[in-house]
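One chain follows as structure tokens, the form predicted on its own.
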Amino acid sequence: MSRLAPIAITGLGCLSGAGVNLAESMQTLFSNQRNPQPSRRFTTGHPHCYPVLELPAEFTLPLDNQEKVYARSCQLALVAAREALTDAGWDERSLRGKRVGVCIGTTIGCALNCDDFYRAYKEDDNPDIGIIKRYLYSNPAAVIAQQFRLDGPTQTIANACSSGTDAIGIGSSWLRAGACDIVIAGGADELARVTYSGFSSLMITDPEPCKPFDLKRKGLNLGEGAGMLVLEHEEVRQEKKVRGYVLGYGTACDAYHLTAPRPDGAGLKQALAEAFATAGVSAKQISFTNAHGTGTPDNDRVESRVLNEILPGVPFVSTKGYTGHTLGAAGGIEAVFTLACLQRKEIPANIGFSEADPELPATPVQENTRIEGDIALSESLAFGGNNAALILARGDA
């Protein structure tokens, strides 16, 4: 596979349990703080109350009637998209006449937050159909396009936990193909009782704050949020500042298991090989890796072994200890963090890590760490065996 043209990134936006914007999130990461708590949004009958990372209770979502019209995932996506567009210097008026595409990854979207309706329906309570209407109206990509009056292509990607990474890769391909002038790309996902119960039943949820790559890791903490990038064609960008570049993207499915990665990491290796080839860079040029790092035994074992083989000695970190696992939003949020860390020339400590696992040949950084170089890797490993990777460069690279 040959090298592809770099795609300029002019705007970044994100929110999660780490912060309601990029600046607040970075402050949390480099202060090495987190505060997982029982969910305020739902309760369950589980004997264990697993912690999650939610947005602050006082944070107000942007649309009228809150979640009565659009699902929470759409509103999270909209907040991050607005921040990214503002960062890129665009507003609704200046976007007129531009071909603006929207490509958003999600896993939950809103499909699993209709259980109140189904419960009432099962009990013959004649529930309000408004919940179902909300579901039908809540395509995250379409909501962003509607709110900003955009008329370019719109696509919502549902590919498990690699969805946000895939959306950025696909959005970049639209620009290379000449289908758009600008693309808003990333991921968004809300918390849901069904998701929480599902991960609990899989026994991969940690009853304590998660510990990616640690010997005593027990699983993940769920989170919510969104991360968005504004991608621009060079002819549109002109003299505008550039936050960074999408250099390469790779994706591969190992088709090994519904939830576990293939032990030899073949799918991840294939995705990395494609990302390096399309970026035209070598492993030696990578300054750090933003790892998927869920805190589950299988994921961290496979990922550590692949990183040790492909990128020996390259520092890596999982930021999921700060945000929780935001599922379809994770790739978008982590791409934003990756670029912000490249600009800062520093990566945060892998929070929760304290004791090395002898089965893991590579271990993450344990303190805030200065980095050299202009290029970094952000990778996602998803249920179903899908693997996706982005190679990103700092804007002045």
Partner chain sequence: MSVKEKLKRVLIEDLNLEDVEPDEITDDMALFGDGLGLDSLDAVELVVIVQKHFGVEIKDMEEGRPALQTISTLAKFIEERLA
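Numbering follows the first chain given and starts at 1. In this text, all values refer to a predicted model and were calculated from it rather than measured experimentally.
If you look for the form predicted together with its partner chain, you will not find it shown, but the lines that follow are about it.
S.K.: Between Val281, Val242, Ala260, Leu311, only one gets a heavy atom within 4.5 angstroms of its partner chain in the predicted complex; which residue is that?
M.R.: Going through each option in turn, the one that passes is Ala260.
S.K.: If you check Arg305, His233, Lys218, Arg82 against its partner chain in the predicted complex, which one has a heavy atom within 4.5 Å?
M.R.: It is Lys218.
S.K.: Answer with yes or no whether Ser94 is in contact with its partner chain in the predicted complex, where contact means some heavy atom within 4.5 Å.
M.R.: Outside the cut-off, so no.
S.K.: When the contact criterion is heavy atoms within 4.5 Å, does Arg40 count as touching its partner chain in the predicted complex?
M.R.: Residue-level check for Arg40: no, no contact with its partner chain.
S.K.: So, in the predicted complex, is Lys345 in contact with its partner chain at a 4.5 angstroms heavy atom limit?
M.R.: Flag for Lys345 set to no.
S.K.: Can you work out whether Thr86 and its partner chain are in contact in the predicted complex, taking contact to mean some heavy atom pair no more than 4.5 Å apart?
M.R.: No, Thr86 is distant from the partner.
S.K.: Of the listed stretches (201 to 209, 225 to 233, 71 to 79, 316 to 324), which one has a non-hydrogen atom within 4.5 Å of its partner chain in the predicted complex?
M.R.: Result of the contact check: 201 to 209.
S.K.: Going by heavy atoms, what in 140 to 171 lies within 4.5 angstroms of its partner chain in the predicted complex?
M.R.: Residues within 4.5 Å: none.
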